[in-house]
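The chain below stands alone and is given as structure tokens, in the form predicted alone.
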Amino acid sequence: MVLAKTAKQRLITLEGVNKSYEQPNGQQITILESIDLELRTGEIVALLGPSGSGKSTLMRMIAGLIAPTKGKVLYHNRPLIGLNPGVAIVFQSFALYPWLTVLENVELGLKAKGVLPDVRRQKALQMIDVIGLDGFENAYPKELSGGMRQRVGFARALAVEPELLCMDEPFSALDVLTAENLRYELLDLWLEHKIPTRAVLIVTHGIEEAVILADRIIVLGRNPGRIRADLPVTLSHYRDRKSPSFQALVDQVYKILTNPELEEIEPSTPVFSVSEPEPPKAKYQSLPAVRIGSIAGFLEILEDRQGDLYRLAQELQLEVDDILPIIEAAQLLDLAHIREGDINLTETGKEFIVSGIDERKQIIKERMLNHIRLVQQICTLLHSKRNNRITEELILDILESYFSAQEAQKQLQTAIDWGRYAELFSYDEPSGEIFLEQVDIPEPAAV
């Protein structure tokens, strides 16, 4: 068993932090809301959440790259103003200058801090040695593999001796084997105290990655992003993926991520606390950007593999950001449901599986007319127009009061895709018009 680093101290504190952006129409879109968080020395903290939950935005606020709209970010108990001097970031993309050598790329941060040439060269060479790039000091990025380029990114960040090392999905651009190797090498350096950093914050979409590395896992919800759970991980390093305790924790994280309205956890699993969700403010459900065909394919697989979601995701080799949108869509359409971390087909889902194409379209049509607020409103507007046509700008104007402009476009596109599949309405891209081909389509249910 490897002993954890001792003498934990509060390094960074977020108190009541919100982040909002103003739309061109003056509407405020909230990305993060009511974030209270402490990052302490001696810990690796993993930040998990679905796409759009504000993970990277939160990391950038901690680094001082963007300021909160409301609340305070404290560094050593003092308000943070501008860039955080104790933070360095490793990005998902390698972000190397192709015209500089490995040594010159690693020296960049030190050069920006005004470190003298001899000193920065010595520190850069030391970190190149630590990270395993000896012999490649004079190589250019084009000569390196993806894993080696990411090592340069780590060396550059660590050379400035940050107190907090921030990593924004640092392994996602690498192949599976390279990512696994680099992940464990970084863990080795941390546990053996070979790197100068005192704490690590990693944004990840991999639940297993979080459980392998982290001492705490922060789970964010979305619309807006809030902390839904803070999980202390008490498993000793190095962690066995096949152990019951490891799999139980992974199951619990899946349970939180796939149950947005989860209010409490059974007393038998007191490994974390979950904050009670506030009532949703959005008038519209957030439609996952997946096609009905993807949902249908997932249901076909689910027919023979109902049960534990974690093991299903493992078998399909799908990460959180891949599988969650499909699951959310299946639940929105009442085709599948999740309980206690297990996913199963609903009666409607079972009917969908055994139906032909036309019957499937009818099922999706009925589900949308009864459950999907945006589709209901589009149909109502179409029926109210004499020519049964509306412009997409009309819907976008409405949506931009609830979503960012980019997200509003995604929501509309998803609604159009789903509506066209169910033959509820058609869409003419050149004119940007949604229209009815048959005016005898039933009116949506009253909401």
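Numbering starts at 1 and follows the sequence shown. Each form is matched to the other, and the largest set of C-alpha atoms that superpose within 1.5 Å is called the rigid core. For clarity, every value in this text was computed on a predicted model and none was experimentally measured.
Omitted from view is the form predicted together with adenosine-5'-diphosphate (ADP), to which the following refers.
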**Message:** When the contact criterion is heavy atoms within 4.5 Å, does Gln409 count as touching adenosine-5'-diphosphate (ADP) in the predicted bound form?
**Reply:** no
**Item:** Contact of Ile31 with adenosine-5'-diphosphate (ADP) in the predicted bound form (heavy atom, 4.5 Å)
**Value:** yes
**Asked** Should Gly419 be classed as touching adenosine-5'-diphosphate (ADP) in the predicted bound form when contacts are defined as heavy atoms within 4.5 Å?
**Response** no
**Message:** With the partner left out here, check for me: in the predicted bound form, does some heavy atom of Tyr21 sit within 4.5 Å of adenosine-5'-diphosphate (ADP)?
**Reply:** yes
**Prompt:** Which one of these stretches, 35-43, 382-390, 50-58, 411-419, sits within 4.5 Å of adenosine-5'-diphosphate (ADP) in the predicted bound form when only heavy atoms are counted?
**Reply:** 50-58
**Item:** Rigid core fit then Pro24 CA moved by 2 Å or more between the shown form and the other one
**Value:** yes
